[in-house]
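Just one chain follows, in the form predicted alone, and it is written as structure tokens.
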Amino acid sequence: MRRSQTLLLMALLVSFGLTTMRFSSAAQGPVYAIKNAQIVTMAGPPIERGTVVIRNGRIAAVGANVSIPGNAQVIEAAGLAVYPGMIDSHTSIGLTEIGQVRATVDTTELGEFNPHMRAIVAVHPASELIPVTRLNGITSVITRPAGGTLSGQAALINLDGWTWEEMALKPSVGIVFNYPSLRSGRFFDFNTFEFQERSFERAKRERDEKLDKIRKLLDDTRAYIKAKEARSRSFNPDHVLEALIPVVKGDMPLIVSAERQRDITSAIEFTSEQKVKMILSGGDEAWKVASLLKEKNIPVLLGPILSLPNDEDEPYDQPFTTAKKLLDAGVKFAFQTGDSSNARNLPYHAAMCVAFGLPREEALKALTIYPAQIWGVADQIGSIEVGKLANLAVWDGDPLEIRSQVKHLFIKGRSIPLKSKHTELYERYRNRP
């Protein structure tokens, strides 16, 4: 009897152990080893015929002489190249699906000043635009709200996950500030979709009124912080001022959208006066104030590149040469599409700058490690180094060439199926009888 009980106890322990191992293995996820590939790390020279090992969602090893774990799923990648996943620094992916169907657009809130609105909570993980975008090697994007003067908080997300919590890499990276422009004369207003005419005096008055309101908001926030720290009985929480606390403390930047030299210069003066951090977004004429941007250490989110110059008197290639001019001035920049349906074209925005003088290596950095540094996540993504998230794309050619294809894609170490609405339609009609 005693022997039977002992055997039963041992059987239970073995069963419990196997179950624990099975659950533990499932929690850790599969181990991958990509071998014999060229590895473009962005943290040093490329490694020829190297190996990348992925474990627990992160890069466990990388190099030319790496041991492959016995339990790894091996991917033979001879003739292929491994790059870090690209980062698009301005999209509205997850916030919009079909621009002409209002029910699918959730980018804009009512009102001029919405710093407390968080784009991350509105992200739709099942958007059809996500698999389309990541098929071109883009693994992370900034998705940001629009409209008003302070649109809300932009978010950095990975393009994979069942929920926005799973997708969030950094839920709030900055507050979008659409800098009021001194646009005067006759112009087309996209808000009303009509031509408008405005005198310079009127434009300046309207801009100054908006800046005064923001100035007051920031001053109120500083007073709010003091009241909060004093734990005054009369203290009442305020969502708008609460959202601006990281800005006035210098922990969160304003993402300032401005295109013209005059507006960019004014924005730099305003943020310097208020002692808040600034990231310039757009910046068509940033090259005209490159030395000032360098002096103030203000990074630029450049793009969309595949567009026409702002002024008819500017050279046709002005958008394509701006990146090289910023590089020569020592200004850090990253590329953005400002798009959602066409965010997949991000590498070709950079490629056009390469055709007009930007070194290819710098273009690749402006798609990977530079945006990671600008958004404060360079310890997690942007290069292929041990300990970072395994956001990787395995290409059969140069990522900046339109004919190159992604053969394998990983986000947080998960192998992503290379399918999208586009590929499904392609296969459907390719096999049409």
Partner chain sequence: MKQIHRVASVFLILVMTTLTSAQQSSSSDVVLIQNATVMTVTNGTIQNGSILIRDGKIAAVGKNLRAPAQARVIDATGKFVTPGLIDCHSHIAIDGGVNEGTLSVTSMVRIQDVLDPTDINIYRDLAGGVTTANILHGSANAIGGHNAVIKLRWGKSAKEMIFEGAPPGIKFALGENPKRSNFNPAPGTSPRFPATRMGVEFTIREALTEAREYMRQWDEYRRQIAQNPKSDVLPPKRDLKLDALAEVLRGERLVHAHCYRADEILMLIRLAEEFGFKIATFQHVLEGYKVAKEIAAHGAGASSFSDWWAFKIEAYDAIPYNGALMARKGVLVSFNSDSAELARRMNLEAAKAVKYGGLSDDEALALVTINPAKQLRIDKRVGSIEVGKDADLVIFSGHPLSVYSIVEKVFIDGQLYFDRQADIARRAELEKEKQTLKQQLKQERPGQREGRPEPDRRDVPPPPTPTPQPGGEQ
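Numbering follows the first chain given and starts at 1. Keep in mind the model is a prediction, meaning the values are calculated, not measured.
The protein also exists as the form predicted together with its partner chain; that form is not presented, and the subsequent description refers to it.
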Residue among Q405, Q373, N36, Q380 with a heavy atom within 4.5 Å of its partner chain in the predicted complex: Q405
The unique member of N178, Q274, N345, S266 whose heavy atoms fall within 4.5 Å of its partner chain in the predicted complex: N345
N236: touches its partner chain in the predicted complex, heavy atom cutoff 4.5 angstroms: no
In the predicted complex, N136 touching its partner chain (heavy atom, 4.5 Å): yes
Close approach of K210 to its partner chain in the predicted complex, 4.5 Å, heavy atom: no
Its partner chain contact at F320 in the predicted complex, heavy atom, 4.5 Å: yes
Proximity to its partner chain in the predicted complex (heavy atom, within 4.5 Å), stretch among 161 to 169, 111 to 119, 98 to 106, 292 to 300: 98 to 106
Those residues of 304 to 331 which, in the predicted complex, come within 4.5 Å of its partner chain by heavy atom: L306, S307, L308, P309, D311, E312, D313, P315, Y316, D317, F320
